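This document opens with one chain alone, in structure tokens, the form predicted on its own.
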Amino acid sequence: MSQLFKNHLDKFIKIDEKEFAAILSFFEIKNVKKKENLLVEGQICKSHYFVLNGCLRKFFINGKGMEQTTEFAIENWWITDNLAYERGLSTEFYIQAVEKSEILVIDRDAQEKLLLEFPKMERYFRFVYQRAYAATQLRLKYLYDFSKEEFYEHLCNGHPEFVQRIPQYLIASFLGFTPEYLSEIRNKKRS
């Protein structure tokens, strides 16, 4: 599984096997059960997670007591509460495994040491954060620009891997729908 991470890094920076082994030593490999929480609201966010295999999601519980999914991470994606992680604050989010998952975990102190020892990783994380920020910008645009039906259609066309593998109630939560409303949209689409 660590070769997946090496392949991912190679898309952004060039490192040899010796460097990669040293970089990998800053991470912990963790197996996570389906529905296991990695982060719970109120905890200090100390870790950044890279998905080797499986799927994680980030969500919060809104004022009505409903879970609102804000982000998913599948293979080769990172996830954390960025604000809380960077500042060592307590989080307002949960991070939970949607599927049985294998992940790499790095804590803030280890990441700082990694960046000092391997400046190439600074460049890598810059690319990661730029892509994450761009994805967030687009999602916000779609929330304002698309109807609910168009937003769902865009997700189906742009990310069919999500629609195939993530339970519909979580897709509804991500899109800001009720599961019942998503069922209505899907039924209209079939007719």
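In this text, residue numbers run from 1 along the sequence as written. Just so we're clear, the structure is a prediction, and the values are computed from it rather than from any experiment.
Same protein, other form: the form predicted together with another copy of the chain, not shown, and the subject of what follows.
Undergrad: In the model of the complex, does Leu143 have a heavy atom within 4.5 Å of another copy of the chain?
TA: Residue-level check for Leu143: yes, a contact with another copy of the chain.
Undergrad: Is it the case that Ala110, even though its partner is missing from this view, gets within 4.5 Å of another copy of the chain in the model of the complex, heavy atoms only?
TA: Contact check for Ala110: no, nothing within 4.5 Å of another copy of the chain in the model of the complex.
Undergrad: So in the model of the complex, is another copy of the chain close enough to Glu71 to count as touching (4.5 Å, heavy atoms)?
TA: Glu71 belongs to the contact set for another copy of the chain.
Undergrad: Looking in the model of the complex, any heavy atom of Glu122 within 4.5 Å of another copy of the chain?
TA: Yes - in the model of the complex, heavy atoms of Glu122 and another copy of the chain come within 4.5 Å of each other.
Undergrad: Based on heavy atom distances of at most 4.5 Å to another copy of the chain in the model of the complex, which listed stretch, 49-57, 28-36, 124-132, 152-160, is the contact stretch?
TA: Result of the contact check: 124-132.
Undergrad: Honest question, do Asn62, Leu116 and Thr136 all end up within 4.5 Å of another copy of the chain in the model of the complex by heavy atom distance?
TA: Yes: each residue has a heavy atom within 4.5 Å of the partner.
Undergrad: Judged by heavy atom distances of 4.5 Å or less, which residues of 72-96 approach another copy of the chain in the model of the complex?
TA: Stretch hits, in order: Thr80, Asn82, Leu83, Glu86, Glu92, Phe93.
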